[in-house]
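One chain follows as structure tokens, the form predicted on its own.
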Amino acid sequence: MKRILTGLKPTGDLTLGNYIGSIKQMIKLQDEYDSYIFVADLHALTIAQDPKLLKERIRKFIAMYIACGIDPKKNVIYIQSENEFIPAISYLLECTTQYGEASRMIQFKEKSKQNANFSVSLLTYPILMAADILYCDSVYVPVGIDQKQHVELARNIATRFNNRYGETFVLPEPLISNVGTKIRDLKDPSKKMSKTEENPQGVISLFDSVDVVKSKIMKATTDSDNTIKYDMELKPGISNLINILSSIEDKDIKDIEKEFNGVGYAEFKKHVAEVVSNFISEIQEKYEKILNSKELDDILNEGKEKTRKLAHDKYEIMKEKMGVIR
């Protein structure tokens, strides 16, 4: 099976949008590929983090992913910072990366404009991302269109290294064909539901209580038409709720329109609220059992040992080819 690699940055809160747009796709991909999933905690450090909160989120995010359906028997699951050879590989890759390549990255250009006192890691983290991808010979990296540039950079760096020092890396490809449904903010459906959004009323966190979930859905922005009709341009609020229901119940949008023909918004919201709250409640029940279990530590220890060996071996190969070995 070809290898696929997915990283998750432990910032903000995991949302229903993350589940529908990303995690559901990962659950499908784990049956089709040799799947590696890691927590990109070093990437989170490009901006200052609360150490205690970051530590909590690392474990919470992994436990929630498993609760959602990421199968530890079908995935190698690990924490990026527990593999010290990945940043070591990153430095060697930096030595074969041009400044112009790094400074042209879209996220660097945008974030460096927002804060003139940005850290050096903001410039170099795409190279660390390349190390994440290349050390284990990932063939595919699932990304949104806005992240495609990062995989292209990893491919360019790998090609240059291979040409200069001999065949060392598999050339990765972005996997952007299976993009999940984009769930919108409940209060402002012109924006996607983001785990870093400032207004929590527009975001359903996978950690929200049942009552909070129901309240947020009942207060979701809609229009005055009071007709359950899918139209993202003219009726984005109600269309967003239809998308949520369609994704969780795996129902066709047309079937939902027929089922709720003649039903008002209040009744429809109540139904969506019940479905979503029950769904999240089931996930949270599994999450609580996993969070502080020995099983979770066993999973992470197994992932750490397997990936450390891969990264160590790749690092030693790179060192020998570059001449930095006794």
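The shown structure was predicted, so the numbers you read here are calculated from the model rather than taken from an experiment. The first residue of the sequence shown is number 1, and the count goes up from there.
What comes next is about the form predicted together with tryptophan, which does not appear here.
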Residue 129 within 4.5 Å of tryptophan in the predicted bound form, heavy atoms:
yes
If you check in the predicted bound form, is residue 157 within 4.5 Å of tryptophan, heavy atoms only? no
message = Check residue 65 for me: does it contact tryptophan in the predicted bound form (non-hydrogen atoms, 4.5 angstroms)?
response = no
Determine whether any heavy atom of residue 136 comes within 4.5 Å of a heavy atom of tryptophan in the predicted bound form, and answer yes or no. no
If we test each of 40, 299, 27, 283 for a heavy atom within 4.5 Å of tryptophan in the predicted bound form, the one that passes is 40
As a check of understanding, the residue in 77, 141, 89, 183 with any heavy atom within 4.5 Å of tryptophan in the predicted bound form should be identified as 141
Only one of 94 to 102, 250 to 258, 229 to 237, 142 to 150 has residues with a heavy atom within 4.5 Å of tryptophan in the predicted bound form, and that stretch is 142 to 150
Near tryptophan in the predicted bound form, with a heavy atom at 4.5 Å or closer, the residues from 9 to 29 are 9
